[in-house]
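Just one chain is shown here, as structure tokens, and it is the form predicted on its own.
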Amino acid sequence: MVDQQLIRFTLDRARVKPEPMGSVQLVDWPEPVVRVQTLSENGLATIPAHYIKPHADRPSLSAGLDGAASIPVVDLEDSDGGGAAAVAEACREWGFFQVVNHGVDRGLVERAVEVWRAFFRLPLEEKQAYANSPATYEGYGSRLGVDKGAILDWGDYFFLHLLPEKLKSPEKWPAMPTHCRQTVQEYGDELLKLCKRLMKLLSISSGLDVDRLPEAFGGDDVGATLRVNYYPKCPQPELALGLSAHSDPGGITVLLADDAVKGLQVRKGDRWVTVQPVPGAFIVNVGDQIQILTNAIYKSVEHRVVVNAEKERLSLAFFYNPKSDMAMGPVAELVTADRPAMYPAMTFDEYRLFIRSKGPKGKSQVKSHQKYDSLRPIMQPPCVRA
């Protein structure tokens, strides 16, 4: 069941509609929504106070730019069969990696980027027709979380459900620009194929049978969503974030980054590393559900987005999630006497209510879900042991 403290928080801080069996439905934003793109295009010299992050959370705009550290690159056409070992090492060391030779048509990728750039160039009143609410987040949005008076992120977005089909809202899929709906569906279909390949690699790399993690996710009955992030120019990027530090609550995320404008930062130990996107690559990271399923052999990693004073930035994040009403806990093969199950079973529907109500909050959710603070050192997955 959903945590009762979280339910009380949601009822107190947002306008919500109680639902049966202790669940809640978020109904509306606690304050009028202001589009960040509008603020940016109005030529502000300073940003409003509710976008200024606390000193401890403000970005280091030069983090990782010396090239001393970089997330790994995995070639999915590795003829030597080293893909699983490379994925295992990347997941243990970073929780992030870039994939090349991934099989997604470059022309389709370019069309997807262009239709979304064109959408965000539309007049505000046309975009407002797709304005979202916290009930499903689907549509045109500018905030995460329903905490009144929260410090907000400097960015707008468009969020869509692709799977399961019953959650798709055709009226929320933009009719303009021309071919947007068709392009988004084609892009989603190709990313779904890529995620299925990646899940098999994650399964093998963690020492499991090739289909074990895909089956634990629900087989073909999975969830998939797309979040298109638009980060306008910011006059004071040293004070703001495009997206606050968080780990992704779902399974895996496949990000198409803007390789001309850097912005994604990944936590590595006690510092932030700016990701250098490889042209034509996708950036992949594991989410909280993979951490739970692998009993923390693989861990989700905090990441955030910095903004730019001179250039806007666009990225497409594809989220591949488990069947939402199926209880998710560590798979039996990765639970031992020395390493008992670290997480109780919980459905993804219950789990993601946290971020939908509170917004991005580091790794506080998965940590609060953990049974044990520390265990013996994590074993290496069998397939990559020396």
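None of the values given here were measured: they were computed from a predicted structure. The numbering used is simple: start at 1 and walk along the sequence shown.
The same protein has a further form, the form predicted together with a small molecule, not shown here; the description that follows concerns it.
- Just one of L264, M199, A84, V115 comes within 4.5 Å of the small molecule in the model of the complex, counting any heavy atom, and that one is L264.
- Residue L255 is the only one of L152, C195, A216, L255 with a heavy atom lying within 4.5 Å of the small molecule in the model of the complex.
- Using a 4.5 angstroms limit between non-hydrogen atoms, Q98 is distant from the small molecule in the model of the complex.
- Taking non-hydrogen atoms only, T225 never approaches the small molecule to within 4.5 angstroms in the model of the complex.
- None of the heavy atoms of L334 is located within 4.5 Å of the small molecule in the model of the complex.
- Although the partner is absent from this view, D248 contacts the small molecule in the model of the complex, with a non-hydrogen atom inside 4.5 angstroms.
- With the small molecule omitted here, the record of contacts in the model of the complex names 301-309 of 266-274, 164-172, 179-187, 301-309, defined by a heavy atom within 4.5 Å.
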